[in-house]
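Only one chain is shown below, in structure tokens, and it's the form predicted alone.
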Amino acid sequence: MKIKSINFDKIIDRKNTDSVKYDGLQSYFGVADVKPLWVADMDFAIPTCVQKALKQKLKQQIFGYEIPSNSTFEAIINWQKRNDLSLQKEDILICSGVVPSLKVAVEAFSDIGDEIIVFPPVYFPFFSVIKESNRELIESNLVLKEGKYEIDFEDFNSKITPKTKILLICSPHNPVGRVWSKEELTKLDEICKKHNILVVSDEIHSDLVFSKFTSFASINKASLILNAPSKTFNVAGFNTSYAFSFDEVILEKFKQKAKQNHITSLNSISNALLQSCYSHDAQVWLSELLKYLQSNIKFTEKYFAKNYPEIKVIKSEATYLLWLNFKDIKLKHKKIKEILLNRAKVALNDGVSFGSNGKYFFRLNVALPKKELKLALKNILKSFHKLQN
């Protein structure tokens, strides 16, 4: 089935809509006249079925407090069957965001001064939720081998001490686009079990994959999984997420801390949102989206390979976020950043924000109409070519 109304080439004006991505440019980058290719949301309209569900919800007229409905739990349960998981209602907790849930997990399963391990370069809130909770941040850097990032298991093992309580993983990994294999996750699990380390897996990008995805919950039932429809269906602004675990004790401990931090209240749209996002029609939309994203990714890879091979695109297995390697340009990181912003007129995420090993890297969001993407890439190419002429 193909929904005829899907048009990812349509250009939607998002300026003056209070968008962080567009209207936040001045406060974040100091300029407003650049193409925003940074924040992890898409420049595509949300699925028609989701739009209809939200419009129908607005007819309700009164928007008081809501509780999660049975239909919402059923939608999540059915959706996670895609990942070969058999959830029950009792395994799930509805929350108000993956990042708040990360912080709650850190505080629920560790004490002040305990160590939490992460794999940089990684989504930057992983750092802040640890530091803000007065825990010790331990970094085990991913290693780049032949254009692909891998976990350095030897380094990871060496960083573990009796104070290490949690491993926070990003799966699929943001920003490097890795989909961790079952073998890699199993090896991680063996090490964590040996040292009694809880794995908390952020799987918010798990629908946006181009290879087989394995949830950590299928590797170890005594883990905590965080997810949401946010990235998949471009609905991050609704602050609706969920956590689940097959381990009753783990979920209950998380639930109690979540309640203490007041992140278990739904907004008035959450039920309708989750049900419509995790519907058959939305799944059809997602299938078309993945094709479009793959086309944009392949175009970007070929464009740089043909026209400016000094800029290397790390092979992506997931997400619409590409990790660009500028090391071969032989310029200082600060200079590269200045050229991108002031000459190419594009705003990319600075790789250093994802960890110290993000130096000379920048994250590019390709979830936009191809016409707009081509123009942005052309501007990048022209700006760096001028340096050599």
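Residues carry their position along the shown sequence, with the first being 1. Note that the structure is predicted; figures quoted are calculated from it, not measured.
Just so you know, the form predicted in complex with a small molecule exists too; it's not on screen, but the next bit is about it.
The stretch among 204-212, 282-290, 150-158, 80-88 whose residues place heavy atoms within 4.5 Å of the small molecule in the predicted bound form is 204-212. This chain is displayed alone, yet in the predicted bound form one of K312, K231, K165, K257 has a heavy atom within 4.5 Å of the small molecule; that residue is K231. When you look in the predicted bound form, the only residue of T72, S245, N174, S316 with a non-hydrogen atom within 4.5 Å of the small molecule is N174. Contact annotation: Y123 falls within 4.5 Å of the small molecule in the predicted bound form, judged by heavy atom distances. Taking the partner from the other structure, the small molecule in the predicted bound form has no heavy atom within 4.5 Å of any heavy atom of L142. Contact between V34 and the small molecule in the predicted bound form is not found at the 4.5 Å heavy atom cutoff.
The closest non-hydrogen atom of I263 lies beyond 4.5 Å of the small molecule in the predicted bound form.
Here the marked residues L322, V346 and P369 all miss the small molecule in the predicted bound form; none has a heavy atom within 4.5 angstroms.
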